[in-house]
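The chain below stands alone and is given as structure tokens, in the form predicted on its own.
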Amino acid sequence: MPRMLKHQTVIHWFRRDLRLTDNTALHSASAASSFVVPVYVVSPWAGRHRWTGPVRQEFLCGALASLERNIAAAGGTLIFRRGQAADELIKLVKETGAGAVFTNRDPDPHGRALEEQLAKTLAAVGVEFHACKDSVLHDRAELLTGSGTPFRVFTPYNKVWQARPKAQPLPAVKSIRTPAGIASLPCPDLKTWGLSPSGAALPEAGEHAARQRLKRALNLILPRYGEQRNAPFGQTTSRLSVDLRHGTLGIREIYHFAAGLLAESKDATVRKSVQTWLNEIAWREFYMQILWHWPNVLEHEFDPKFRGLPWEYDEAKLQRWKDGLTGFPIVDAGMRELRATGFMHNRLRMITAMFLTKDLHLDWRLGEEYFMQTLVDGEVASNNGGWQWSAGTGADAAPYFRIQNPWSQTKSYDPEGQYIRRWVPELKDAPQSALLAPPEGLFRVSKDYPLPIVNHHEERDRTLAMFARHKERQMG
């Protein structure tokens, strides 16, 4: 007996879920209708954006081109429109007679506001709106403390997160029927936003490439993740963050592949490594629930007692940090890797962020914005959480008096200088000792490499004094 479908035609609005496999809203839309109109609404901004830049937009274009081909192979057509999303979706509803709009929820405040606006507008014309959980395993208010409040500290959050059952991944949508004759713009390219190619060496975009990265991570990275994850040289981490950001892989599929490896392995080292990696997935969701419950963290310090800190603004120092010309080799290597690839190892994200805030005393918001504009995997919640952690102002952050020494970090994580020499070629012939300690006096390690922009020990003392004075003012 044929199944009864609720709608003749529905719209699936793609956002950060650029795949056909394990896609909650697309799966629901296909099950509820005879025809699905897959649409991507291209943002109307041009030139410059606070939260993105050429690198991520270039990857996005590749992911959309791949998605367009995959939808065509399934029998459908990906429709592109450009403008304000709510306006364009209402137009498309009228054009197609769609009875419902399906989408996966955005974890960021802008997307959340847009969903609320669209739900009201569609309800007024009798069209259903379905916003599905898809980008996380546990979101919003699913995990709360015993007193019913959101978690502010990671360890108890993680304990609850790990214990809760996780939804199984959904099968791929293999058949999509799209009504004929719907007008569409071409798939966007960088010129759509008035951007030029960054020149960064980006990973291949699309669902197939993402699946290859997942396979590599499971076979080569996760089994040794615990012992090698802090080493920045070579591929020591999964590199799946870009696929989670753009949704070229589903979080449920990623989790259950890793959980399967954890369950099947009898090697204690492998099990510990995989569990350490799963903790990182929990950190991602911890920061997303922080952003959900406290969206003002994008403008203010999460910890109220640190609001009003006298951060400095020095354009010259900020630019030297961006350019990787601070005279601190490990910092400069991280910043140059970011510019060249759109990626930076997580250990280096901490080192460079703490250097900006604790050695240069520059506002963490300056670094947060720059990372979002340059990272191919830039995730608003995780990026904000990481920057506030390094600044000592965030949820479960490093104490303000814990100030990383870039020279000591080099000794711990790049003792042979492989990473530094890869990204700072001026130092390829420098003795290893020159990479592990500041130069004596005005001695330059290389004629092409600058002296340190600051004295770390002096700036550490300045930072401690700044926080101490701020605490005194707050107390009285």
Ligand SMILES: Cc1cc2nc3c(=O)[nH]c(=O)nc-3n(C[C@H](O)[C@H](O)[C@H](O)COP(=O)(O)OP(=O)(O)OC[C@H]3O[C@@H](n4cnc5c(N)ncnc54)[C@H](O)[C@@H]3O)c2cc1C
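Since this is a predicted model, take the numbers as computed values, not measurements. One rule holds for the numbers: they count along the sequence shown, beginning at 1.
Keep in mind that the form predicted together with this ligand is not shown, yet the notes after this line are about it.
query = Does this ligand come within 4.5 Å of any heavy atom of residue 346 in the model of the complex?
reply = Output for residue 346 is yes: heavy atoms within 4.5 Å of this ligand.
request  = Report whether the minimum heavy atom distance between residue 80 and this ligand in the model of the complex is within 4.5 Å.
outcome  = Outside the cut-off, so no.
ask   = Does any heavy atom of residue 280 come within 4.5 Å of a heavy atom of this ligand in the model of the complex?
value = The answer is yes: residue 280 has a heavy atom within 4.5 Å of this ligand.
task = Report whether the minimum heavy atom distance between residue 365 and this ligand in the model of the complex is within 4.5 Å.
result = Judged by the heavy-atom cut-off of 4.5 Å, residue 365 is well away from this ligand in the model of the complex.
Contact check for 239, 353 and 386 against this ligand in the model of the complex, heavy atom at 4.5 Å = Yes: 239, 353 and 386 each sit within 4.5 Å of this ligand in the model of the complex.
query = Only one of 371, 400, 129, 151 has a non-hydrogen atom within 4.5 angstroms of this ligand in the model of the complex; which is it?
reply = The residue in contact is 371.
query = Of 207, 106, 301, 377, which one comes within 4.5 Å of this ligand in the model of the complex, counting heavy atoms only?
reply = Exactly one listed residue reaches within 4.5 Å, namely 377.
task = Name the stretch, out of 192 to 200, 240 to 248, 132 to 140, 302 to 310, where some heavy atom lies within 4.5 Å of this ligand in the model of the complex.
result = Going by heavy atoms within 4.5 Å, the stretch is 240 to 248.
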